[in-house]
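Two forms, one chain: they're shown below as C-alpha cells, one block per form, named structure 1 and structure 2.
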Structure 1
C-alpha cells in the first residue's frame, strides 16, 4: 500500500467549504487504497493577521516569540481539517510539526529541516487514520518552536514524503494550489501558455528560482534529493496536474520547456575590481555571512588588471547589500553601481545541453522587440537575461500587454509594472513555440503514455531498518553537492567594447549557431555607459571557426571592437541540490580556489550549477581542491 501526501495551502482551506472539499479529496485518496497524510497551511490571511497583531504590540518582535505566534495558525487548520474528515465519516488525527518529530536548526522564522522521525506518523497511518499535519513548523534540538519561512508548507509536505520513502514506503506527493499545474509561463501574462503534463526536477528548480511562483525551490530540492514524485494540481478540481519527476530521455529532445519572468530583483555591478585570486571569495563570503542570497552572478574577463562582477539580489535585500559591501568596495578601490530597475527573463530546457542555436533564437526574439540585454548568464539548462525597466511609465501603454484577469496576487501586480520584461516574456515564449502541443505538454510520450515514473521496489520496513533510515535523514535539508567536473576541452571568445544596443548579441550568436557550433557558458556585463563585454565558451576544436565567424560579424557591427580567443582555459562546474537557497556554496567554492592562489576569470551560476573559468594549467589542481572542499573524495 502506498502513501499519498496531499498539501493544501491557505487559500485551499480558507473557509468551511474549501476545508470540506480538501477533506473529501483526502478521503477519496484513502478509498483508492492509499495511506494518506494531509499537510495544511494556516487559513487564508491568518498568518498576515497574526503578523499584524504583533505589530500592534511592537515594531521589533522577538523572532522566537514570532515563531510561537505564527505556529498557532497551522494548529487551528489541522484541528478543523481533522474535524471535517470526522464529519464525513472517516478516521483522522491531527499533529503539529513538533509532535511528529520534525527537527530543525535554530534559525527562527526561516529554519531548515534537519531530520524527521517517522515512528508516530507510521503508527497513526497503520491504525487506519488519515494524518493531518501542520505545515511550516517544527522544533529545534532544544525543544523551541520554529517556523520554516517562505514555502514552508510545501517543504514540510515533500520532506515528510521523503522521510516515509526512506522508511520503506512507496510515496507520492500532491501539492494543491489555485492553478491547474505548471504552465510554460504565467498564463496571466501570456494567455496562450500551455499546461505541462511533466517537467524534470532540474527544469522546475530553474523555473521556480526565476519567477514561476507555483512551488518554492526548497520543496523541489527535497523531491530531487530523495526522488519523490511530485504533482502540482488544482484544489478545485480532480483534473490531473503536472508531474515533477526525474529527467526522462524525451525531455532532452525539447530545447525549451518554459520561460519565466522575475520582476523583484536588483542588479549591482562592481567595477574596477582587482583581477586576482580571492576577490570574488571576499565579496560573496560577506554576503553569505549575512545570509543574503545572490541569484545571477556574472564575472567578466579581466583587462588591465581589473575585472567587473555583476550580480543580482532581491529588491528587499538591496539596501542591506550596499551597506554590507561598502567598506570592502572602498578597500578594493572599486566602484559599486546600482543599475536601476530590472526584470529577469529566463528560458529553461533540458535539450539546450546538446542543441546549438538556443541562445541565438532567444536573443533574436528580443532584438525584434527592441529589448536590450543588460546582463546575460547561462546554466546547464537555462539562459537568463536582465532587461532594464527604468524610463518607462508604470502604466506601460503597450496594447499587447492587457491586464491579467482576477484574482491577481501581489507578484503579478509587480510584474504589471515590468513592461519590457512582460513584452520580452511574450516574445521568447512565441519564439520557442511553447503554445503548441509537444511531448510533456499535450502529447503523450512513447512509453506507456505515462508521465509518472514506475515506483522503485519497496524496501522491507523491518525494525532493524528504522535506525538506518533515521540516520539517512540527518541533515536532510543541507546542501547536497553531488559532483565537481573539469572540462579542459573548452575555449573562450571575448568581445570587448561591444555597443550596448538591441540585436548585437543576436547577430553574434546567429553567426556562431549557423556554423553548428555549440555555445556553453555565456557572460555579458556592461563595461561602460554604452559598451558591453561579452564572453562565451565553445569547444576547443571549434575555436578557430568560431573566432573567425565572431570577428566577421563584429567587424560589421563596430570595427573598433576587439575580439580575443583563448584556448588556454579550464571550466569547472560544481553540481548539486540547494545551490542557491544555501548562501555558502559560492563562498566555499571561491574560498577553496583563493586558498590555492587560483584566479577566477569567469563566473556563471544557476539553480543546480556554479561554473568558473580558470587557467588550463591549473585545472587539475582546481578540481582536486574543490573535491576536497566539498568532501567528495
Structure 2
C-alpha cells in the first residue's frame, strides 16, 4: 500500500471551511486505498502575527524562545485538522514534530533535519489513522524545539515522504497551495504567467532558491536526493498541478522555463582585497562558520593586485555579516561597503546549458527597460542579475501590477516595493515568450495526454550510486556532492572599466551571440564608482573570434575599456544538491584550493553547481584536491 503525504499551506487551512476541504481531500486519498499523512502549516498569517507579537516586546528576541513561540502556530492547525477529519467520520491523530521524532540540528529558526524516526508514524498509520503532522518544526538532540525557516512546512512534508521511502514504502508527496501549480513566474506579479505541467528538480531548485516562494527550496533538495515524486497543486480544485521530476529530454529544448524575483537580499562590496590565494576562502569561511549563506559572489581583479569582491546575503543577515567581517576587513586593509536596496532577477532553464544567446536575450530585454545591472552571475542553468531599487519612492507603482487577489502576505509586501525588480521580471518573462503555450506548459508533452512522470532511466542507472551517497550522509539534510569536473576547453574574456550604464552588457553579448558562440560563466562586478568589470567564458576554439567581436563592440562603447583574452584557464565544477544553501560547500572548495596555493579568479555559485576558474596549468591538481576534499575518489 502506498503512502500519500499531502501538505496544506497557511491559506489552505486558514479557516474552518478551508480546513474541512483539506480534510475531505485527505479522506478521499485514504478511501482510494492509500495511507495518508497530512502536513499542515499555521493558519493564514498566524506565523507573521506571532513574529509581530514578539516584536511588541523586544527587538532582539532569543532564538530559542522564538522557536517556542512560532511552533505553536502549527500546533493549533494539527489539532483542528484532526478534529475536522473526525467530524467527517474518519480516524485521525495529530502529532507535533518533536512527538514524531523529527530530529534537527540546533540552529534555531533555520534548523536542518538530521533524521526522522518513522516508527510512531507508521504505527499510527497501521492502526488506520490519517496522521496529521505539524510542519516547520522539530526538536534538536538536547530536546529543544526548533523551526526550519519560513516556508519550512514544505520541507517537513517531503522529508517525511523521503524517510518513509527509505523505510521501504512507496510514497508520493502533494503540496496543496493557493495557485494551480508552479508557474513560469509568480502569477501575482505577472498575470500572464503560465502554469507548467512539469519542471525538473534542478530547475525548481534554482527557481525556488532564486525567489519563487511557491516551494521551500530545501523541500526540493529532499525530493531530488531521495527521488520522491512531488506535485504542487491547488487546494481548491482537483486539477493536475505541476510535477517536479528528474530532467526529461524535452526540458532542454527551451532556453528558459521560468523567471524569479527576490527582493530580500542586500549587496555588499569588499574593496581593496589583496589578490592572493586564500583570501576569498577566509572571507567566505568566516560567513560559513556563522551559518550565513552567501548568494551571488562576483570577484573582479582591479588595479595593483587588489581585487573587489561583490556578494549578496539576505537582508535579515546584513548586520550579522558586517559585524562578522569587521575584524578581517581591517586586517586585510580592505573596505566593506553596503550598496543600498537591490532586487535580484533570475532566469532559469535546462536548455541554456547548450544554447547560445540566452544571456543576450535577457540583457537586451533589461536594456530596453533602461535597467542597470549592478551585478551578474550565472550558474549551470540560471543567470541572475541585481537591479538597483534605490532612488525610487517606496510607493512607486507600476500600472496593473498592484491588485493582488488575496490578502497580501509579508513576502508579497516586500516584493511590492521592488518596483524596478518587478518591471525587470515582466520584461524578461516577455522576452522569453513564457506566456505562450509550449511543451510542458500548456501543450501536451506526450501523444497520450497529460504529463505523467515516468521512471527516469538515468535515475535508475544511478540508483546504486545514489544509495551509496545517501548511506554516507550523517544527517538527511546534509549536502550531497555528486561529482567534480574539470573543463580545460574554456577560455575567458575580461572587459575592464566598462561604463556602468544600462545596455552595455546587452551590446557585448549580442555581438558574441550573433557569432553563434556559447557563453558559459558570466560574472560582472563593480570595479569603481562608475565602472564595472565583466568576465565571461567561451569555448577555447572560439576565443579568437569572440575576442575580436568583443573588441569591436567595446571600441564603440568607450575607447578607454580594455579587453583581455585568456586561454590559460581551467574551470572546475562541483555538482550536487543544495550547494549554495549549505554554507560548507564553498568553504570546503575554497579551503582545499587555498591550502594548495591555487588562486581562484572567478566564482559562480548556484544550488546545483559551484564553479571556479583557476590557472590552466593547475587544473589537474585542483581536480585531484577537490575530489579528495569531497571524498569522491
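A quick note: this is a predicted structure, and the numbers were derived from the prediction, not measured. Positions refer to the first chain, counted from 1. Whichever C-alpha set is largest while still superposing within 1.5 Å between the two forms counts as the rigid core.
Structure 1 derives from the form predicted alone, whereas structure 2 comes from the other one.
If you fit the rigid core between structure 1 and structure 2, you'll see the Cα of residue 596 move by less than 2 angstroms. The two forms, fitted on the rigid core, differ between structure 1 and structure 2 by less than 2 Å at the CA of residue 503. Residue 559 shows a C-alpha shift below 2 Å between structure 1 and structure 2 [criterion: core-superposed Cα displacement of 2 Å]. The shift recorded for the CA atom of residue 58 between structure 1 and structure 2 is 8.1 Å, with superposition on the rigid core. Core-based alignment between structure 1 and structure 2 gives a C-alpha movement of 4.8 Å at residue 47. Core fit done between structure 1 and structure 2; CA of residue 20 shifted by 2.4 Å.
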